[in-house]
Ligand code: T46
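Only one chain comes next, encoded as structure tokens, the form predicted alone.
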């Protein structure tokens, strides 16, 4: 109850509430107290306070309309103006999503914001959340009369912590976001196009499946072949080395791809049984393009570096 004044603060702050569905300006202290008492019932709605290290209230994060049978819930978050741009929104969001998927066992979480709410749209887009389409009518009915809404959805297994995207590159290889369209309660569709979303024509697609957990594959590099690797199902750990050091990354989100455009030694560890690794390749299969011995790869990389240094020296002259 000591949080009531802080909650009422953001409810009466137009800079916070101007694009929200509810007219919070009419809320009173008694309304907030009633909300806190009702929040003790966590069957349908779950509300948590976001606080500072000194236990000062900074905002509220919620899962609403929790549907255990359907495995879904609606997400909502609001923070005080003093808490904005300081990481409280991101912390509250990822903690609540962790709770939704790990503790409640939900399969999807969805939410919407007004497209006029540029601050919120930028926040969700910046963190690679996918725009959802085909929202079920029973959900849309709760927003009847409101238009120009942008819907988002996160599924269990998505990289909502942005752990992969925080790297941007891995062993000199670009990490790309594969275009993905979620449908609330009905999965998601991901797609990419040659020369538009990835920087080469696709001449071959192959996938590796039915691999037992704990098995390692790969142990090779390519001289000329360009590829994009992605994991549409399960969890696969990649170990990549372009001659400048070994780097590792885990693929578990189908919307994350690794584009390899140079000779890179790769090893793949299956962290979950039956995980699938898909590869889009720039050329047809050529056995002579493979380097299958690590020592030979190191020699190849060293030779390539020497030749490049020579070309750069000639150009400088």
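Numbering follows the first chain given and starts at 1. Please read these numbers as outputs of a predicted model, since none were measured by experiment.
Below, we refer to the form predicted in complex with this ligand, which is not included among the displayed structures.
Taken together, the three residues 206, 220 and 229 all lie with some non-hydrogen atom within 4.5 angstroms of this ligand in the predicted bound form. Checking 273, 34, 292, 64 for any heavy atom within 4.5 Å of this ligand in the predicted bound form turns up a single hit: 292. Only one of the listed residues (280, 277, 258, 251) places a non-hydrogen atom within 4.5 angstroms of this ligand in the predicted bound form, and that residue is 277. Although the partner is absent from this view, residue 58 stays clear of this ligand in the predicted bound form, with no non-hydrogen atom inside 4.5 angstroms. Contact annotation for residue 50: none of its heavy atoms lies within 4.5 Å of this ligand in the predicted bound form.
Figure note: of the listed segments 64 to 72, 42 to 50, 260 to 268, 22 to 30, the one touching this ligand in the predicted bound form, with heavy atoms no more than 4.5 Å away, is 260 to 268.
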